[in-house]
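Take a look at this one chain, the form predicted on its own, written out in structure tokens.
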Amino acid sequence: MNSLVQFFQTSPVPPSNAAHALWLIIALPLLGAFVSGVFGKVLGRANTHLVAVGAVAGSFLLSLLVFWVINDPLTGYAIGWDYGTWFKAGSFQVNFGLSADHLSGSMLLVITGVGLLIHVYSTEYMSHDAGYWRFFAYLNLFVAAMLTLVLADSMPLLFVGWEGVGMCSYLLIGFWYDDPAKAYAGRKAFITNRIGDFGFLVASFLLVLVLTSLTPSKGNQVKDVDAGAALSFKMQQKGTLAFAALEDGAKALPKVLADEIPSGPLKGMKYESALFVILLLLLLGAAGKSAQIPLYVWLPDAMAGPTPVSALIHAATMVTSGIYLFCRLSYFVVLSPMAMNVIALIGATTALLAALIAFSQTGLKKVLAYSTVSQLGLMFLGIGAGAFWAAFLHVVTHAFFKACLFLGAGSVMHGNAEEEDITKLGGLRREMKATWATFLVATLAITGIVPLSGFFSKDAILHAAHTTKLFRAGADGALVAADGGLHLAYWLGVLTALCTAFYMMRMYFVAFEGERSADAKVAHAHESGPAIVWPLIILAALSVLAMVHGLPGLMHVERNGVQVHQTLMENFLDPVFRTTYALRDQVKFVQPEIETSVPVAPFVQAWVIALVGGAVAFFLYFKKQGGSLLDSLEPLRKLSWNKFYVDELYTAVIIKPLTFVARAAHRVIDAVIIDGLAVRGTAWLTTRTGAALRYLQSGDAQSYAAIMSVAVAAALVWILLRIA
């Protein structure tokens, strides 16, 4: 509490005070979750809403103050506080520390800002639910876990937040657990994420082995002694897996990439191979949280949860975790061009697959869910292209328009007796004007229409994928082109952009234009209340205003004697990626195009793509032309409707075989060996032995005395014989 008083009384805020108060940003929603969960029923609805919303509002205000502090050059654009050793095992040490820089500071504002709007929205949307107090407790806990993830200054603490959002997603997706389908969706999300978490853990273990092999030690002569010594000092000071230590480890890697690891379990493995494996394992972890192939299947089913949960998961919290992780570890990514190719291909393939599935879906939230998977794939394409700032810019813009879309879908359902089938809606433009206007703005933003934010962030990713060149070190040390995968990923991304414009405008035209179906649950829709409408208006406005961060040519920076054009976001994140850019220029594996002028042609191309996709949807679903074309594509529509049978494939190849093995193991190992032999077998043996010995225990004292006499006489005879 003293730190909070000192934090507000000091003006301007000293960096040390701001850093020391970082824990309060997490503590407030954590306290809100405790109060709502334990005392919610006693407090009543209004007080529970006040506690939950107030906790996130407090975190938002503190995040604004932290953001103000880290924008001061005197702080070095970053603040942090180390609370001491968390745990230690031998030479492995983990400190409990929090830090904030431009990357995590921006995430703080997105999480708490969008999260606050979702909390306000939920006060009306969930006002009649019997479990309102439990809902707000889970919602606050979700925000606290995500804040822990982005404020963590080490991999182990980040993993705590990583697991926290996974647990909260299980609780919220399966919130209505009395419905078996919704409970199953929660379990599916939880189990799928555990697969990714395994990859995260193994990658962390391998990082420890690689880092410790880079430090000066007996029998281990590192090539870069200064870098190795700096790494060793940082590991002792901050912890083995602190991000500061990982950054120093990345600095020590370029000179040894082609060398073999000299000691430890990875002895004989080349550093470049070890780094490639680590990045692929991290990609597996990110694929679980950020819904990429092969672990994307949980996210569409997450629509089983309440609509505010969908907005929070898809826009402001959980699904952005994987992008944040790779941005935080970007200094490792630029050292492995082969991993970048894989990341780009996985992202682009996921983006296109999800977009094609969205073509035929009829549920509002279902279309938006596959849209989220698709947009996340584009972000991973940006990571694979080395355009980390562009990927993060799309995280921010996507948070605004996707939250607006999901909350807009919830408003539609709220005003239509929970109807979300777009084929049964229609005419909403005339009956829900506020919802219609905000939904249209967000739809145009994700479609990529100028001058909305989604246009600039999406085009920045595609432009980087098109112009960036990747190389790898050849056998003779010379650079060899290695960007074939990135080129393919670019064309997949372009096709995804076209598909996005089509399926989003299809959804808009069917749901908001035309006439209402006779099968609709209600004849006329009604507009939602102010607690729902105002968050929609704010998010729609942010979907427009966020374009400022992506406008090209606003910043002019000199790099190697050349005036380079940058966006506000690229310039803003420069301090975060300073080491990444230095390593990129050192190894030259990633060579982006230097922008000395505003790239007009790519913007025109991106706009044309959006217009073409929207025009096709307009022709087919607004003008209702081309019915024969749709009829001829019916087999493809069914394939898309059934999600290309991916779930069925997983069931046949993975789930059923594992279920068979589990049941067989139960029948043989558990029922026969453990229960039959180990448990019942020992009981049977004891029973039979006791039954046999029972005949020797008659209870006749004279018989016992006679037997003892015979035994003593036999003993005496034996002794005499031995003496003789």
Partner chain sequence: MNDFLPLIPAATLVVGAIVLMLSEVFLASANRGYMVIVATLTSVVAAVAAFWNAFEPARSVLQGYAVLDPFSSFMTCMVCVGTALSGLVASSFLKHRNAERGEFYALVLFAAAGMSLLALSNEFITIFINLEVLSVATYSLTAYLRRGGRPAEAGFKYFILGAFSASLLLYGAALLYGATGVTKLDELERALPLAAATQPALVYVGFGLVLAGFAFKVAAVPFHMWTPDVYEGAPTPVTALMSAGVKSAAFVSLVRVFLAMKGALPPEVPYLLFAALALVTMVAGNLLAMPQRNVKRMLAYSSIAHAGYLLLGVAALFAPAGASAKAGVLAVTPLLGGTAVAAGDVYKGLLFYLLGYTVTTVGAFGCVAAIERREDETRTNTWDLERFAGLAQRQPGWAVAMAAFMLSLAGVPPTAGFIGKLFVFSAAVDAGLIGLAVAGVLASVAGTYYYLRVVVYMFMRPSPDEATAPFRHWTMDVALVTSAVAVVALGLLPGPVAQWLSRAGMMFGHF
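The structure displayed is predicted, hence computed values, not measured ones. Numbering follows the first chain given and starts at 1. In this text, the rigid core denotes the largest set of C-alpha atoms whose superposition between the two forms falls within 1.5 Å.
The same protein also exists as the form predicted together with its partner chain; that form is not shown, yet it is the one meant from here on.
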Legend entry - Position in contact with its partner chain when the complex is considered in the predicted bound form, options Val42, Ile669, Ala691, Leu658, heavy atoms within 4.5 Å: Ala691
Legend entry - Contact stretch among 45 to 53, 661 to 669, 679 to 687, 27 to 35 - heavy atom within 4.5 Å of its partner chain in the predicted bound form: 679 to 687
Inset, instruction - Align both forms on the core first, then report whether Lys656 has a C-alpha shift of 2 Å or more between this form and the one not shown. - result: no
